[in-house]
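Single chain ahead, written as structure tokens, the form predicted on its own.
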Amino acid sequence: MISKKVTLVNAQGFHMRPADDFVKAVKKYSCKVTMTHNGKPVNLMNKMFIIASAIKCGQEVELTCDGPDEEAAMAELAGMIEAGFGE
């Protein structure tokens, strides 16, 4: 199991497009991926749960990946957030 804290850098935070892209990326991996924001777990299986978490620019989330492809999952998912979802 690995975990990493990352800060959202894109100005709009987790809005519809990044949330959709993130859910699609999570579903590619067989490992269990969890994200917490302000100490609360965020459901990563539906973009609406991510949007409802109201994660804004400058806020920190913690990603945890546990399973056979955890390193690849963490690299992609943390990279998406750190790159501002290409915005």
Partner chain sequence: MMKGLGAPEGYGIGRVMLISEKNLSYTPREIADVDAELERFRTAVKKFTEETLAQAQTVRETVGEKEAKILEGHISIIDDDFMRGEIENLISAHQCAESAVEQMCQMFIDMFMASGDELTMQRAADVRDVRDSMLAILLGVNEVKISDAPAGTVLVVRELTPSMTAGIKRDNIVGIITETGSQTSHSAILARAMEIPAVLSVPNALAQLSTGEQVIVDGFTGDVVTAPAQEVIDEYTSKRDTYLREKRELELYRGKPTVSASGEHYELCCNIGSPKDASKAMEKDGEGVGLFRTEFLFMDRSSLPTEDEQFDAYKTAAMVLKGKPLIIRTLDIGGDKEIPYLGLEKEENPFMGFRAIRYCLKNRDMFKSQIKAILRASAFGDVRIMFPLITAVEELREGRALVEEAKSDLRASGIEFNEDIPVGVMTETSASGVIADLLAKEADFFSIGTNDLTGYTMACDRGNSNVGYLYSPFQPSVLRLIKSIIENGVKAGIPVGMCGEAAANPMMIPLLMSFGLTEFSVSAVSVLKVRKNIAKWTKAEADEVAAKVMAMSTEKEITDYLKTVV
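Please read all numbers here as calculations on a predicted model, not as lab measurements. Residue numbers count along the first chain shown, from 1.
Another form, the form predicted in complex with the partner chain, is not on view; read the next lines as being about it.
Participant: How about residue 37: is it within 4.5 Å of the partner chain in the model of the complex, going by heavy atoms?
Facilitator: So residue 37 does not count as contacting the partner chain.
Participant: With a 4.5 Å heavy atom cut-off, would you call residue 41 a contact of the partner chain in the model of the complex?
Facilitator: No - in the model of the complex, heavy atoms of residue 41 and the partner chain never come within 4.5 Å of each other.
Participant: Although the partner chain is absent from this view, report whether residue 56 comes within 4.5 Å of it in the model of the complex, heavy atoms only.
Facilitator: Contact with the partner chain, yes.
Participant: Taking the partner chain as it sits in the model of the complex, is residue 51 in contact with it (heavy atom to heavy atom, 4.5 Å or less)?
Facilitator: Answer yes; at least one heavy atom of residue 51 falls within 4.5 Å of the partner chain in the model of the complex.
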